[in-house]
Structure formats: C-alpha cells, structure tokens
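Shown next are two forms of a single protein chain, provided one at a time as structure tokens under the names structure 1 and structure 2.
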Structure 1
C-alpha cells in the first residue's frame, strides 16, 4: 500500500464533547463517535474542513508548525496568497503588511499568484494537447483532488495534470534564490494557508514526489500577528523592496471563476463541497456534455472561504477587488517578477504525474466478499428505523449497516433495536445503558 495520508485536521479530545455535528456534516461520512469523542477515518477524510466549520467547541483544529520554526532557516520566505492580503481592511497598505512580515522574521515575501503567469499558458497548452474525456477538471483545489480520488475514482484521469500556483511559485522562488548564490538548505519557504487541504497537499502531495514548500503557517494566526503589529504602530516600519505589479487575472485566480474565466472553450465554475459532489456525480455518469473545463473548489467562495481565513469570505473578496482597483489607478507599467525567464526550468515542474484513485467506498476488496457484505448490510438496513438519528454514533442507518458488516459496530448500537432487545429479554437495561456509554461516553448517561 501507499504511504499513509497526512491530514491537517485533528481532534482535541479534551475539547470534543462528542456532539456529532461534525459527523453529520462530513461529505465523505468519515466521522464516527465512540467513547464520547469524534474520530476521523484517515482513508476517507479529504481535509475539506466542513467538520471544523460546524464544531461548536473548536475541538477540530488545523495542526500548524510553530511559528519559530521559520528561524531554522537562514533565509525565510513568506509565500502569500492574495486572499491573505484580502483579509486586511483597505486602509492598511500592502507595503505595510509586507513590512511587518519582514519585521516578524521573514527575509523575503513572494506572492503565490505570480505563478499564474506561467500556469495560465500551461493550461492553454494542456487544453490544446488534451485528448481524453471532457471536462478537464482543475487540479487547483487539493480537497477536490482528494474527493475525486476517494469518491469519484473513475474521474482521476480527467484531473488536469498541472501543478498548483503555490508549488510552482515555491519552486521558482527557491531556484531564483539559489541562482543568487544562496544555499538550498538554508532557504525555508513558508506557505500561508487559508485551508487544511493545502497543508495536507504539501505534506502528502499528489502527482509530485515532494513539495517545494518547507512549511505551512495558518492564515488566521499570521493575520493576528500582523494585524496586532500594525495596530500597535510601533513605528519602525522596515524597508521592503518596491513591489511589482500583479495582473488582476492572477490575483483573482483563487476566487470563483478565477480559472474558468481564463481557460479556453466552454467552462464552468463550481464552489462548495456539496455542489461539487452533486456535479461530479453527473460528470461521472456522463450526463454533462459540452463542457471543456471545470473549475471546482471545495469551499464556498473558493479560497476566500477557506476555514483558516480570519475574515468573512465576502468581505475578503470585496476588499481584494477594491485593492486591485486602487492599484490599477496607481501603476500603469507592468514589471514581471522574473518568473517568465524561468519558464523552461519550470516546465517539468508544472506537469503532474499520475493521480491514483483510492476508492474508499468498497465494502471489501474481494468482490465475492463485498457482495456478501452488501447483501447482509441491505438486510440489516431493513431492520433499522431509517431516520438517521445518529444515536448509534454513525451518520446514517445505512452507514451503521455498513459498519456492522465491516465488523466495526453491532446491531445493538441502534437505540431502536436496543428497545426491541430489552423487550425480548435479550439484553437488560444496564447492558443497553452500557452500550450508550460506550458510544457517547460517561457524560451521556448520568
């Protein structure tokens, strides 16, 4: 088997009250409650972060590196996506933000979206040379890539085999610095992430061997640090190099229609994990015809809706667009960051290798056994109340039935079945309460 997949979403068992909100919101049914605590099935989790959004006790969190880890490197690059800057109120200038980033310890700041300059052309070339089934599905959102791997395995070949702006940007910047004479192992590139899926894709990348990014910093925690500094106005703003202009289409790449507007032919943009699932079902059935390119993002409002952003998604978009407008008025001459000169060097890095499917829907790898299990689970399902109350610690009656045939649960986990068993004298009340405690912890039955 492949190496285990890293997931950035973790559950703090101290904070988790086993309330099952997360279990009911997970689009891949990866969560179960046992012993009063939610647990995530690593094989099914796609790091979309829906669970963290609904958790009332913030028990589901996104693991991050200690900020001081950046100081392990002599040269420290902050790789920032445009939505990071979009969080700040408009009266705070980009140069102020960059200056504070330097003050906090970064030696370089580089914008992720600059990589779009070479990526957009690669997308056009890819579209021109593409001969497989349509639509081409963008590889931009790592949660969507993982969703397709586990839930829509027959679509993996349709994922565009092109790398993400963040990895291309990191590859370019590392090369640029080493060309300036810096030692590769002294360069640390830290991506400021708006979501959990990006972290997972950096630690367990798909389609490349290893990410060019050295570490990840969560957008909200860095936002707080930077914003605090700016508010404190401690005066000594560091000098930062004059920023070069970034075109609108690049800055908007990570927002809704950022890619689809640029790709050729008939394109479609979808945001939100449930919208994506609904549409991918149709793509898989080939019910969708005539679409050439599909932009697909797990978060509502794409990266502006990332769970690690400190600000509201709609405000981020509004502020970012305001910033772009303002910049357009200020500067007219465009100066590249130099990434174009590295186009040939980046060419091989932009291409992704195969993306394997790793279907997690199966009941058993052996088909005969799977058929037997399916028969059994259908029989069990008929006995269950089909009200999906979740009291068994599984998200639906169907999920419980499948858990039972996989040997991960028993019929008596269902409280309706329990009542029947008690009536038939097959178990007593104490046993029933014991089962409830096993699922929901001691807190549940006082």
Structure 2
C-alpha cells in the first residue's frame, strides 16, 4: 500500500470565504468547496502552491517547523539554497548572511548548491546507463515528481532516480560532522525552503525511506529575521570567514536551464506548472521525440519563483548573476567544500529507489470497480452541461462526475440539473436552495 502524501499546504477555515479562486487555479483539480469552505484532496494535491498564490484572504498557508526547533540539537546546520542569498540587496555580502545565521543560533551554514559538484557527474553517468528511457525527466522539483505520479503515471519510469542537491548536501554534512566525532542524534540539519513541495518531499520523500534533513524553515520567515538583524547592526557583523566562492554552474542549478544546460544531448527546460503539464502531455502522447533530458520546474522562473521567497523572482535572478560576476573576479578562491572527498560514500546514497505511480484517475482501489466507476463517470459527464462553471463546488463537469461515482456528490449539485428537476417538480425550490447552502455555506443564500 502506498504511503500517504504529506501536504505542507493547509487551509485556515476561519479565513476561508469559499471564493473558489483556489479551486479554479489548481492544476490537478485537487480542491473542492463544501459548506462554504475549500478542502484539499490529499491524493491529488502536489503542493505546487498555485492555490496559495491566488487566495485573497491568505487562508491557504504553508506549514513549517517552529524556528526554536533548531535548539533541540546541539549542532545546528542551516542548508540554504542560492535563491535565499539572492533575495538580499547587492550591498549585503554572503558572509554577512552566514554571520547572522550563526548569530540566530545555527552552528554551521552550508549552501546546498555545493552538492551539485557531485550530482552533475552522477547525472552524466545516469544518462549513459539509461539510454533507453529518454527523455530522462529531472527529479529536482518535488512538485513535478508528484505531478507525474498522479497525472502522468505512464512517465514515472522516466523520472531520473537521483536525489536532490538538498538531500545530498544533508547526507554529506551529517557524515562530515559524525566523522569529526559528533553524535548523530545531536545533529539537526534544517533546509531553508523556497516552496511548499520541498517541505512535503522531506517529510514524506519519494524513492527513499527517510530524508537526511531534520526539519524545514520557510524562506520568507527566515529572510525577515536575517534582514532585520543586518539592518539593525551598526558595526561589522561578520563573525565567520568569507565563504569560498561557488562555481557559476552550481549557483545556476536551481534556475531555468541551470540543470539542463549541464546535461548531455538535446535538452529542454520548462518552467511553470501549466507549461509543464502541457509539455508532459506531448511527451506522453509521443508528440515530441529526440529529447535526451527534460528539466521541468513547477514555479515560474524555477526556484526563484518559489512562493516562500520574500523577494521578486526577477530580482533574485539578477542578483545571482551579479554574484557570479563577482565570483569570476575571485577565481583563486575556488575550492571544494570537502564534498568531493565523500564521493564514494555518496555514490550509493545519491540514488533513488522506485517511484510509484499514484494515478488520480483511479476511482477505486479495486481495479474492476474502478473501471466500472470510470464508465459510470463518463455516462454522467454526458448528462452535464460541459461549461465547467464551478457552481457545484467542483472545478469542472468531469470532476463533478467523478465525485458523484465516488459518493461525494449527487447529480443535483449541478445548478442546470437543479433547474430541470424544479421544472419537472422532482424537487422544490427549498430543496435546491438547501443544496446550494451545503456547497457554498449559509452566507451564499440569504
């Protein structure tokens, strides 16, 4: 039996007004409105965050670990992605950010893109080994991995079975500290995430039993803490050495074409969840061929566009590119963070196991029942008006038909069907209003 998905996206029912913006924006039709409140279907949600972007009342939020959780550990490692550093104005150096993180309580700071030093070579080896499974689809973006699991199950075998830089970095750093004599249970490694999907993938990972990351802190909340400390400081706050510069291919890894540019053969990079869906449909239907490597990212402008970043995505990209320009003037500072010395140790741990399909089209655990429900759903859909108005509390007529065969709705939830039933005296107006109240809540019907 598949392990349940964990979801970082939550709904505050006190703030939700049942406006249906989230329902209409969800790329996997995972949201319904019932009794005036939005609800998330956990089997369909991929934690892409599109719903949170459009919520007018901020009722949809991203759950995170309390910052004080880091103090449960004697040794506290902050794993920061390059886009976290890229949020700060250019006059703030990386060394200042590192220093404030130490001041806030972290004992170690490590940029996850340093792990790309090992991952890039693993990608090249993977491409040589799996030549029959092209296009190889990047496993970097957890929202895309889940999207393929639930919406494109026929493509799961083409997902690259290599771990992400954050988990590789965490595995390396934990080993490095234990080799120094530190106790494993005293080491806490916290990833600073720009997106909800990464939280979900750490708590319920795919392809591995357990993530090497101990906890997750949202990028926007930590950014505010760090920036406030920097602005309030009057003197030199640098308490740690200037971090050695990182090669540009590493810093660019989490941006558009950062990964695909390093892969071999014909590569493409797709950003934005709807663009990814459109292209994956073409791949599934074999409408595009000859692609060796496909980089798909759920967010516009990749990780720079993560919903938990506090700064504008285009400014983040510009600042990272300027950081690279500054780095190129300090080539003598290039040196390994020590991860290459652990390449053999990481070799087996960098690989993922099987990634199961979890088709959201499955209407029942029993295959025969599922097929019969599918047929019934198709019949019901033909009875519906096919205008996808959303008045039934489902995002489309197809979704309503599926809800009906699963026992979660009735045909009378459709307002057009209601009108017919009223005209035929099969239900009265009070019954119809009662159905509408059940969907949209009392405030929708005065």
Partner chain sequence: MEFEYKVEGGDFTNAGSASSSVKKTLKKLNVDPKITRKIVVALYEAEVNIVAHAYRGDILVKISPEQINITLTDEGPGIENIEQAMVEGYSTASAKVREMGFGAGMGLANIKKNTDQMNIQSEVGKGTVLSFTNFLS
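Note that the structure is a prediction, hence the values are computed from the model and not measured. Residue numbers count along the first chain shown, from 1. We call the rigid core the largest set of C-alpha positions that still match within 1.5 Å between the two forms.
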item	value
Between structure 1 and structure 2, the form predicted in complex with the partner chain	1
Flag for residue 422, CA shift 2 Å or larger between structure 1 and structure 2 after aligning core	yes
Displaced residue check between structure 1 and structure 2: residue 56, CA, 2 Å or over, core reference	no
Residue 431 C-alpha relocation of at least 2 Å between structure 1 and structure 2, rigid core basis	yes
Angstrom shift of the Cα atom of residue 381 between structure 1 and structure 2 (superposition on rigid core)	3.2
